[in-house]
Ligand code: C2E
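Next up: just one chain, as structure tokens, the form predicted alone.
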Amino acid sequence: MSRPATPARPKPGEFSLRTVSLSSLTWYLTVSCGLGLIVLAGYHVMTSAGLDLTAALIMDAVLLVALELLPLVQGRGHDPQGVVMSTAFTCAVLFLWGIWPAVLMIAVASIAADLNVGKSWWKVAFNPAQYALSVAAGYLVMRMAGHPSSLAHPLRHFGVSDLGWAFGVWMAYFIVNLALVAAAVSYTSSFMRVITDDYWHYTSMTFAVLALSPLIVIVSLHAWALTPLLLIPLLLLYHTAQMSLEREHAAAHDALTGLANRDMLQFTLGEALEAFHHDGRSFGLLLIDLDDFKLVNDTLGHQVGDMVLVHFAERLRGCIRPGDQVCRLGGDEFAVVVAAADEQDVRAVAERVSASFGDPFELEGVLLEIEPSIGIAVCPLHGVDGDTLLRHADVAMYQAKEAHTGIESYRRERDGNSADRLSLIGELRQALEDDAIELHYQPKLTTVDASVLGVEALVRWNHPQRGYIPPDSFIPLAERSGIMHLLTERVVNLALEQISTWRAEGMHVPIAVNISPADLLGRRLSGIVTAGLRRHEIPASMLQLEITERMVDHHLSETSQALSELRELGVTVSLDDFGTGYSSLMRLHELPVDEIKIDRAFISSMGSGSAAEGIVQALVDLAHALGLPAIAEGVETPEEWQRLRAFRCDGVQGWHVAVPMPGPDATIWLRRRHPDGRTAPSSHSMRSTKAGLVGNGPGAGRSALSAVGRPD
């Protein structure tokens, strides 16, 4: 026998009549009592024995319904439903003709207005019922004050002395209305929070509207045909509110795309966080950046760039669900606040956004393919305040951009800005001042006779408390914190100092160091190298700088200029990690480099089959076709060495040759290898002859100054 299905529990912040709560009990009580009053009102109006002031009643009824359709909405931060201007006519009808016509009219007007804007069925049922109970509360005050009225016996006079009981009616109406609504919507927040939220603004606006009811009564009694003139102040008030809304909308939205802007994002985050702290409703934040958008602007112009942004905004709107908020933060950065239960739900929205840009689109006759990088932060998993969520989503977005993965969620262990890692900035500065940074050296050999081409300098930091810190942990931090140039200067000077020491001992060993992308922007690196060469009186050909393909992918022109200036000094340049980037043959041809280093990933895969070996052979042939020697990184076995020699690879580097060594150990190793102090010819001389390209010595071992130093 099957069990009956258990009713699904409502989600936090979701109205439900299936559970016992203040909101559900209020709804049942209000609807049952209020609808009963409405039925009674219909009966009494239809069966009334007499009807006085008929024309005035009809006029007030028409205006009441018309104004119900024009709520007075004041804008962001205030009640989104606004203050109903028909309340003034509801009270006037109550004063003049009593409870039954007032209840019936406001019920008809409320149902018409709610259906017009498509409100939920439970609201369509609740609103007229709560209005009926509020009117009834006001009528009780009238009876206690001795001023009951009816259709047959309407109010005949209203003077200054009547303002006292009229104010009592307003108070009763306002208090009951506010209490019933607050209790009904307490599923979104606490009862007291709903009442106190925006209390003074709501109260002042409501009583400003109610205060017009005596004037409506007087005009209805003495010149009912002039009653429409009373709409003038109400419509002016409505028009002023609409102008305020339009100005607020313009201030909170992006003029180009029509999306909400950064200011609106902060407001939306505040509301989402308030809901989380009240009932635990989680949500997600997506930060989105368009890859290579600067290239579109620079190549096709800002007008096409603006068209791309508008197109992206339209696609983004089509990806989100009702309740999600899309914003443009500026430039090519966008954000989405996602109403979701967990990280998986938020990622599903991010994947839908990413998938929507899988197809290229055409603008101004150009076929464009724009890919977004998306960072995810989820409340409360990644933070419980707006600033933290924004920062963590930003970190995740840049991780997605750097790793070319498209979408990344925030992970604390990968956050280069975490408190623990941020503390490394000051410690790294101190290490540079204390000369605590050192270099280890890994040799490069020719494949033919195993003579030394040079060494690669790899940066090392042995922290007094933390121990050995990998370069990948502090190099990115140095780049982001703006002290990369200090680290580069330290490494260059250490390398040049080692060259000078070896030269004094009769060994002419070139040293290569890796450089950061930031080093190639501006002319600071050229100044560091020039000053170091002059101070140590070293030939520039003894120093080589290593760059990667990814470094020049977005800054080809500026990078090429910086490298050309360095090569004019006599410094050589090596293209590291060859084959892992995105350089076209044209870009490779344009780059001012003297050597190509094949990434270790290709070398380690050679044992997996002929296809992998074919790739390595092709990379070697490509380097030779460009007139450059090829050096293989990560060589760990004799078999790999022999295969590379068969492929006519010019040089090798890796643990099969030697592990990275401190300066004194490297000196001993080099002295044993070449007792006479001689090394292989430089890359300049090797590049000038065919023999240099087939194994007689590429590049004199100038494997770049390593700010990032990776052991091979």
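One rule holds for the numbers: they count along the sequence shown, beginning at 1. Since we're looking at a predicted model, the values are computed, not measured.
Missing here is the form predicted together with this ligand; even so, the following discussion is about that form.
Contact check for Leu525, Glu565 and Asp594: none of the three has a heavy atom within 4.5 Å of this ligand in the model of the complex. In the model of the complex, no heavy atom of Gln130 sits within 4.5 Å of this ligand. Proximity of Met484 to this ligand in the model of the complex: non-hydrogen atoms within 4.5 Å are present.
In the model of the complex, this ligand sits within 4.5 Å of a heavy atom of Ser516. Taking the partner from the other structure, this ligand in the model of the complex has a heavy atom within 4.5 Å of a heavy atom of Gln442. Scanning Arg347, Arg281, His382, Arg460 against this ligand in the model of the complex with a 4.5 Å heavy atom cut-off leaves one residue, Arg460. Taking Ala252, Val353, Met142, Ile475 one by one, only a single residue has any non-hydrogen atom within 4.5 Å of this ligand in the model of the complex, and it is Ile475. Screening 302-310, 269-277, 451-459, 217-225 for residues having heavy atoms within 4.5 Å of this ligand in the model of the complex returns a single hit, 451-459. Shown here without this ligand, the chain has Gly654, Trp655, Pro660 in 645-660 lying with a heavy atom within 4.5 Å of that partner in the model of the complex.
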